[in-house]
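Before any questions on how it binds or moves, here is one chain, the form predicted alone, in structure tokens.
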């Protein structure tokens, strides 16, 4: 008998709920079933939300001119400068040197965690939250502690819960704004209060994940870095969501360090960035065109997303067994399953998939404690597709 090579504990323990539920869906598709996929935040998977043509053209020009070589490890200078100018317009003094371009926000997180965390460190992240905030810190001996978002108050940040869980081992305090998966948008007052809490812990840095900032429907979205005069803030953003080009895998981190606390950890980050060479050169040119070019197209995309979001809220409100707090931003709905069906949200999701061929993601995959009894869906498909999906949910629930 062949002896198998052991997998590392760190790899074996990784879970990613958004993609885990895809496995049975693929099997059903192989059997000939058509699945309505509402599981992943990829605008390009649906009609009517294309990547802007001028961005695609810039990407193509880079390819045609053979601009395919290794670029600077921290990103193309002209792109870093454009990002810095954009961050400065949000209300804080960002320079080109404060910006690092990465393979999407996910790589930025991996690099930040590698530079900040050691055995015994803690990350405080909202519950529910984007799964990598739970999965990756453990790879560096750290743990993620969830703070509560209030499910009965539009998923508002529970500041008292944050204060009760802060201690000297918390190295990173995470704000996802607008939030994935709940869609809540933090107000300036909430951000100020969060910064006030962090101010008492000099080893703590705030991560502000603002990848959905251009899809704010409340008018209250603001840059966390613009609110801080002492606490370090690392802003995360990129091309995936607001520029509708997730497959390009270009993101960035912008470092706001008013008191100069992060010089040592920034040196570590720069070492890590150099060791992995660079982000995609032609994709960076495409992103640059998006930042510096016309933004009129975004209003059309945003209106289309909002129309689909409003339709979803109306349909959910008409279905017994489902409830949903209205999202303030992004393109997700975090839907509460009411009644006995809420006992196992993952089984509910799998039953819906197998019986009616609609794929959503179980809420416990975003937080076993704070997400249980919910499911996440995207509002990105055309209304005709969403209508069919909700018709099937109604049948599933026996309405």
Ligand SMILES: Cc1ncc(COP(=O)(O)O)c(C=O)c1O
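Residue numbers count along the first chain shown, from 1. Please read these numbers as outputs of a predicted model, since none were measured by experiment.
The protein also exists as the form predicted together with the ligand; that form is not presented, and the subsequent description refers to it.
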{"property": "Segment assignment from 238-246, 87-95, 216-224, 297-305: heavy atom within 4.5 Å of the ligand in the model of the complex", "result": "238-246"}
{"property": "Close approach of residue 106 to the ligand in the model of the complex, 4.5 Å, heavy atom", "result": "yes"}
{"property": "Any non-hydrogen atom of residue 370 within 4.5 angstroms of the ligand in the model of the complex", "result": "no"}
{"property": "Residue 334: touches the ligand in the model of the complex, heavy atom cutoff 4.5 angstroms", "result": "no"}
{"property": "Exercise: residue 176 in contact with the ligand in the model of the complex, heavy atom 4.5 Å", "result": "yes"}
{"property": "4.5 Å heavy atom contact with the ligand in the model of the complex for all of 130, 180 and 211", "result": "yes"}
